[in-house]
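Take a look at this one chain, the form predicted on its own, written out in structure tokens.
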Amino acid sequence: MHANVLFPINSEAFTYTVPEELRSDIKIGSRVEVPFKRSYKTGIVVALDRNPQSASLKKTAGQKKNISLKPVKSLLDVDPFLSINILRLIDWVSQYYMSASGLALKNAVPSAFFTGKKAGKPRIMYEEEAKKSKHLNLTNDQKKALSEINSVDKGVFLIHGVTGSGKTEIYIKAVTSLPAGKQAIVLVPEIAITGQMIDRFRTSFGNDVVFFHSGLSTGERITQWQRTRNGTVKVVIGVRSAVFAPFNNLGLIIVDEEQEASYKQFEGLRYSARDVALARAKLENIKIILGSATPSLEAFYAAQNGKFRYIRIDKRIEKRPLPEVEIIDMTKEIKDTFSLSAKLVDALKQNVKERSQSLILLNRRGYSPYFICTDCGHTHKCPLCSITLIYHKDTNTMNCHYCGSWLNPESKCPECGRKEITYLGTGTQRVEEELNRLIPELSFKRMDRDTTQKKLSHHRIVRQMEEKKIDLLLGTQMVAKGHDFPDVTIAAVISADTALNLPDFRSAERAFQLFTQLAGRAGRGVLPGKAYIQTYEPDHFVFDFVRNHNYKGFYEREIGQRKELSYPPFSKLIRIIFCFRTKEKANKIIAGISARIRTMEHKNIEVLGPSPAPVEKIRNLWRWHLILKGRNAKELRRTAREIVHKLELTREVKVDIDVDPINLL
């Protein structure tokens, strides 16, 4: 007997022989300990062949001519560790995203199960009991939505509900309506949102709710995963990796804020949790709900064409009005500081007096994005990446937000020797400093990657906001997503221009979604809300649609351009990224790559490039990319494989393949 054994590494499965004493007990999905190189390694059995002479097992990484196969040392599980449905999902992910099956396994299962670490005592909801939240009576729109969802056992639903329309309550009721024993996965785009979502679900399901995210310790992750696998919980809530939750009787998947880019993993296995969720629902023949106030153009297009079942909710709970949106023209407005207009500062001061709360979004952390010599114009760039370093005043360092490297700022310009160095642009740290100076009575917190590195920090900040211990929450885009703070009456965007005009066909869509979502955090309680958006480009077309909460109008404008240029949803994309150690080597090899690609025939496939990536250098690697565009996903992947195979690239070139890229930088 032979067994194909898969490890959580960048490889396909390896083949081993199965000793006679293990043959009656070993099963597909079992964990086994096997010899690997000079030691032993734990892996998962993904295929068995009781008649090796039949050659029924497909060729694996461990099969070579004239090589004696090593035997499995021991079987670690009485029952299969992974179910067939999870193994099928792992196989689909590796095939679709053109990645090794081992990388898919690595993302699906906590590494501790392959290294022998022990489970830890789980905390009760981030150190404390879940805050009880009251359930409201369903509105007619919610009842209608729930009735439609409950009318079928499978299929895709898109709930397009304005901010504050009660989508979370529909999710909870949909899970409650599942047949006895059925389980549910709830995906959220940011770890900062999990706390409020867990509170809401635990009000209905108590300790039958567990959470998956990077804030868990290794021991906690093992415990939560085991409880899920053993079927002792009903709901898993989490970020990307929760899509692989090892439920054996799954009945429903919910993807909240389905449009968010954070569902996409940008390194290693470049999968989209939203799209994997759609695939899992199809593989397991179950229902899936996509929810958003600003759906992705792809999802809305699918709904308009009958591929998804469309549910529209255009009114807020208790008929509360959507916030008024004011676009502040920073070219004309009086400014109290570099970052803040006098109009916004006055509104914030008044909000403090009225004991209401505020949210401020600035999608750039640090103090200043440009540390520049005003005499010669020299800016400090990362020595490893082709981007400007961001000055962080709290650490007095210039940091690279791509590779993590940092430098200490010099007192004089390294280019001309003058001391005329100043800060241009603004980040969350600078706004924090300005708010402290202008409104000393203001109690507020900053929430960005710098302030949320410690465990549970997201949760603590959100709790302070919920309990009105702070007047204002300032942060990057994580403050715009999914939060429900009833006492927030002002939501503001500073430096809105940073989201506009990026060299990416999705830049307008992302800007519209971000501004609309942030505005939607205001006025969700008794008092009406107002949103302020500061910009130096007030005539940009995006603001016309944001001002009027006009998703349909934005969609119709944008979908026309997508169709004309044959971009998604009218085509599929694959991006092939070539990385080189030196710029000279890149130029030399790319010339040969370009010549060979021109000789290949690709029917119905458009090849764009190769050309330098917009961010040309990251982590000391020079980057070029090639974009393939076509309507047939299978044909597109076949072409990508053919290109990479026929180029016969050497070790001097590192290749990454990104299927369905959402960032072309």
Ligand code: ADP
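What you see is a predicted model, and the numbers here were worked out from it, not measured in a lab. Position 1 is the first residue in the sequence shown; the rest follow in order.
Beyond the structure shown, there is the form predicted together with ligand ADP, which is absent from this document and is the topic of what follows.
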Candidate from 564, 556, 441, 318 lying within 4.5 Å of ligand ADP in the predicted complex - any heavy atom: 318
Contact residue in the predicted complex, chosen from 220, 275, 484, 471 - any heavy atom within 4.5 Å of ligand ADP: 484
368, 373 and 425 all contacting ligand ADP in the predicted complex, non-hydrogen atom within 4.5 Å: no
Interface membership of residue 164, ligand ADP in the predicted complex, 4.5 Å heavy atom rule: yes
Ligand ADP contact in the predicted complex: residue 466, any heavy atom under 4.5 Å: no
Any non-hydrogen atom of residue 169 within 4.5 angstroms of ligand ADP in the predicted complex: yes
Residue 139, heavy atom within 4.5 angstroms of ligand ADP in the predicted complex: yes
Interface stretch in the predicted complex with ligand ADP - options 533 to 541, 336 to 344, 310 to 318, 575 to 583, non-hydrogen atom within 4.5 Å: 310 to 318
Residues within 4.5 Å of ligand ADP in the predicted complex, restricted to 494 to 524 and counted by heavy atom: 524
